[in-house]
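In the block that follows, a single chain appears as structure tokens, in the form predicted alone.
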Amino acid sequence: MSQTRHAALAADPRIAQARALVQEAVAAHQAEVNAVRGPDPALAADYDAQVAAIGQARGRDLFFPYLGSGLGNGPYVELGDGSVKLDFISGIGAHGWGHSHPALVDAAFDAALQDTVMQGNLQQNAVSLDVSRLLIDGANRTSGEGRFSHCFLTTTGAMANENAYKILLQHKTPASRVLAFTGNFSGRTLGMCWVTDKAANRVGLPQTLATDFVPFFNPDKPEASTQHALAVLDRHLYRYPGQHALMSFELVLGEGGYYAGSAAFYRALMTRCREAGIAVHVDEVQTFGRTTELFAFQHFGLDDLIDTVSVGKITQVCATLFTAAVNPKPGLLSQTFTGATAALHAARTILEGLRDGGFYGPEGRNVQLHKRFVAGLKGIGDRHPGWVDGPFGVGAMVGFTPFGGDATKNGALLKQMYADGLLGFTAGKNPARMRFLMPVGAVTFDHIDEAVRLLEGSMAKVAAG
């Protein structure tokens, strides 16, 4: 049977031998990266100089003084100063399989055998088709009607959102206004910064998208907050008749504080949008893969109401999925780079792992991880009244409000956690919250228990002043 020369290369026994040797070497060295530890004094001075140098190169300091060594072991990551951290923020969700995962080492090995570093508009390899099919099949798994027909790959979550907005603005032209939730975060491009509900992100920038904000769900007042959101939505529609092209739904507010709405809340708003001829976009750059279903819109049972959905972070290569009805005219979507070859191979591996790894359903892995972490956080709250409000979030997205939501203490806690070897991140304001994005492909109950112990120790130091 005939085959390409690349297929023959991949089947060459020398390649299998090299792959085995790489895996063996990685495993031998990562076995030493198995617990939190402080920096090696012999490496510290050079490391500090590198951290300062990259801050100078960027024009601003790194948020954390973090430069990875290039090696990790599941949720543990080694830094260039020899220290080891327990990574429970995963690059704000990007490192969902942890660090130096054997399956991703294999994926990177496969990518190294490919002919180009990047895939793009004119030249893509078959792995791009594999990733697109996995996403389309996953999106249609619960719809029963093959609702999503198309998938356009891209390099970042912000670009996945940009592409969705372009599709829907073109589809609904001349309507040009956008609706989004208070607390929404869509990205930092020139377009997305106007849909992100954070004025500091667009200081000095010209307005590119006119955005009207709708209040988010209040779980303490579900019916009243739903009616209030509908009333505000109707006021926007009355003020700008026929001018809204789309509403963007971030189903679990990420930057906004890990607030989750309800199926009834979303369905009521999406239905009202449909009635008004407004398209529906769902932003799943952070939620994808982390709830009780592959997509959060499936978790909330909203399959029938959506026109476009964007995914990213854990997927490595980001994407916009859309229905045949809104398929844009030629020329609207095109990118020199749609993704790095290594990222595409990693994406295929992760998407197959999410599909086959038992993550979903009411007793799936995501729910079990959530329950374990939440129980640990509640335990801290029980032992130390006033330290923990919540917890909040869905599945592998877990947050809580420390010390009553005081922003100064929350910032101090984040720094103390880093010093103690635990990586998390902030979210929201008034109250300020702490959030975690567990690396679902690598984390265990023991890792969660260790994170809780480290967190409690850090909180004790902050509480003591």
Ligand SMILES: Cc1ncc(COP(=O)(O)O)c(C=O)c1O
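Just count from 1 along the sequence shown to find any residue number. In this text the structure is predicted, and so the values were computed from the model without any measurement.
There is also a form predicted in complex with this ligand; it is not shown, and the following applies to it.
Although the partner is absent here, residue 100 lies well away from this ligand in the predicted complex, with no heavy atom inside 4.5 Å. Taking the partner from the other structure, this ligand in the predicted complex has no heavy atom within 4.5 Å of any heavy atom of residue 180. Not displayed here, this ligand is kept clear of residue 307 by more than 4.5 Å at the level of heavy atoms in the predicted complex.
Residue contact with this ligand in the predicted complex: residue 87 places no heavy atom within 4.5 Å of it. Partner proximity in the predicted complex, defined as non-hydrogen atoms within 4.5 angstroms of this ligand, places exactly one of 225-233, 157-165, 344-352, 357-365 at the interface: 157-165. Using a 4.5 Å cut-off to this ligand in the predicted complex, each of 187, 250 and 285 places a heavy atom inside that distance. Contact with this ligand in the predicted complex, judged by any heavy atom within 4.5 Å, is made by just one of 299, 313, 244, 370: 313. Contacts with this ligand in the predicted complex, taken as any heavy atom within 4.5 Å, map to no residue of 38-64.
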